[in-house]
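To begin, one chain is listed below as structure tokens, in the form predicted alone.
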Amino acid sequence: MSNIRKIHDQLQNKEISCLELIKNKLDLLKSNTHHTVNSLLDETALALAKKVDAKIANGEKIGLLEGIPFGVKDVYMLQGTYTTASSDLLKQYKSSYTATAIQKLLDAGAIPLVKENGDSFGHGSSSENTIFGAVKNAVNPDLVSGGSSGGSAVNVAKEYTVFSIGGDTGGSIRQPAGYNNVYGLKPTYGRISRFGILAYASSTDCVGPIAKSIEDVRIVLNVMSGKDVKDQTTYASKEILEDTILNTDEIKTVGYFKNFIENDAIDAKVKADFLASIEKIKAKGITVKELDFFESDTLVSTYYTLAMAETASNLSRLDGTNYGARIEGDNLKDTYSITRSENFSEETKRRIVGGNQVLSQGFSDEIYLKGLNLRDQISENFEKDFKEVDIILSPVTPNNPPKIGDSLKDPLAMYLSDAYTVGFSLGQLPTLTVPQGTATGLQITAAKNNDELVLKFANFLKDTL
């Protein structure tokens, strides 16, 4: 059931007022103890709600997204709001413009309620690397919410927002969606503009929706998609129609990577549940093929080599001169050093140092160029696979969410929790987490630009598992 359609009908039929709806959601966000909120946009939200109510009172028809409350991960520019990236460095920074993807939602009449907590600058898989307190899992508050879009996933799971806009670089929408039992989509790279997002790794950063239904994901995806002159990696895409994704007959073959499932690192229950899901899919007459892929350790190493290099480059501008909380030292060099040392989290510093190392003379040929070469090989491998199968299915994570605090003690374990998501990021493929099949969901992936097929298969699984 689409929450967006349900609320739209209630508003249009005057069963609820938009002001009442927004006040209720703001109250839930204010009183929540999951640390999902970096800042509330209450004044803006209430003013917009009054306009929607006035329009309805006037007898006018409202658009499907008009008056629908949503959350925004705190890495997106939204003019006049704090955009902190959950960091000390930007905790007082206010956006002077609005990100394209968010502007499209505003143009459609959706109402932003909250800037949402997550790992600082997207650096983490647990939403613990933040100045606003670790985000607590929606199902069990002793566990992490996943990251880096943890606040966004929890707000949707707890119904504090109808949908939220996360950011996914190596799994940052899909993994927290899996940990909190909601839908989370990383679209094909370039389908949605990245203009106005605080960049982590520019070659894999993606804007995407988190919601409680496939239909809500489709609605929000359509609104945000499209070519943007401010982002040269974007392309024009066709609208995905509701009727089209309900027809699942064209999916004939599904593949899965056997080395993901036969890996020593995978939890026994996750493995058993995944294989049980495969049997149910076979029982529906779909051919299932085992595929060979790169070892998960190779995928994680390749992804972090490239992502750290890109983040070191992207964050080099944050030195307190033009942006960020400047801390004065004895001289300019000292000022740069203290500002960055004091204001970046330990995890961000780890990634900047690692990135600068792989880009440095003597290492770049040996490490960085090898990473680029492996990325090309991974993309070629996917092209070959999608000649054999329509869809690739995989667990979202090898294990269940850890307890809050455990990931901070073991960064390597945190990196390895991304083992099943980063490969699809490197391939720039559309990938959707569905809250079925294993305790942390299943991940559906299709060939580039085939986001429609991913949503189709999600509808098939909804009726199959």
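Residue indices: 1-based, along the sequence shown. These figures come from a predicted structure and were not determined experimentally.
Beyond what is shown, the protein has a form predicted together with a small molecule; the following relates to that form.
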(request) Would you kindly say which of Phe195, Phe382, Tyr256, Tyr304 lies with a heavy atom within 4.5 Å of the small molecule in the predicted complex? (result) Tyr304
(request) May I ask you to choose, among Gly170, Gly208, Pro395, Gly71, the residue with a heavy atom within 4.5 Å of the small molecule in the predicted complex? (result) Gly170
(message) If contact means a heavy atom within 4.5 Å, which one of 224 to 232, 121 to 129, 273 to 281, 365 to 373 is the stretch that engages the small molecule in the predicted complex?
(response) 121 to 129
(message) Quick check on Tyr200: any heavy atom within 4.5 Å of the small molecule in the predicted complex?
(response) yes
(request) Examine Asn155 and determine whether its closest non-hydrogen atom to the small molecule in the predicted complex is within 4.5 angstroms. (result) no
(message) With the partner left out here, check for me: in the predicted complex, does some heavy atom of Arg351 sit within 4.5 Å of the small molecule?
(response) yes
(request) Evaluate Ser148 for contact with the small molecule in the predicted complex, applying a 4.5 angstroms cut-off between non-hydrogen atoms, and reply yes or no. (result) yes
